[in-house]
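Coming up is one lone chain in structure tokens, specifically the form predicted alone.
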């Protein structure tokens, strides 16, 4: 399968995963704000939770796939940047998003 087809499918699949996760995340944020929860209270509820770790880990993984592919398309269309260079740079960007995201999940959940 050619690379553009793989990237097309990967971005669409990651969007299918991200959409409900974003809605749940926003709903939780609204609930926490209206409930008057402090950051310390939120952290006390997420620390040691395998469920929250899996939820936000999946969120991070999907975003780390989705964002670089979209950014690749923008750079190719707007700047005309084509070839291996754009792929390498954005693959590295995806890995960076994944590592930093998992670090944040670990800090949030302690898992």
Partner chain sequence: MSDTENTLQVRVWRGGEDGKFQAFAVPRREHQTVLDVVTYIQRELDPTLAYRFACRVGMCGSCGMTVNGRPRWTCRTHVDTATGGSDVLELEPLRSLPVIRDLATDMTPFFEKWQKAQGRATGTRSRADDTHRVDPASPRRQAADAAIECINCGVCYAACDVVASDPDYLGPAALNRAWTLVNDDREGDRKGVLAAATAGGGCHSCHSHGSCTEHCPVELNPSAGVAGLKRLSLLAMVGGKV
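Numbering follows the first chain given and starts at 1. The model shown is predicted, which means the values in this text are computed figures rather than measured ones.
Another form exists, predicted together with its partner chain; not displayed. Remarks below refer to it.
In the predicted complex, at least one heavy atom of residue 9 sits within 4.5 Å of a heavy atom of its partner chain. Using a 4.5 angstroms threshold between heavy atoms, residue 4 counts as touching its partner chain in the predicted complex.
Using a 4.5 angstroms limit between non-hydrogen atoms, residue 41 is distant from its partner chain in the predicted complex. Although the partner is absent from this view, residue 82 contacts its partner chain in the predicted complex, with a non-hydrogen atom inside 4.5 angstroms.
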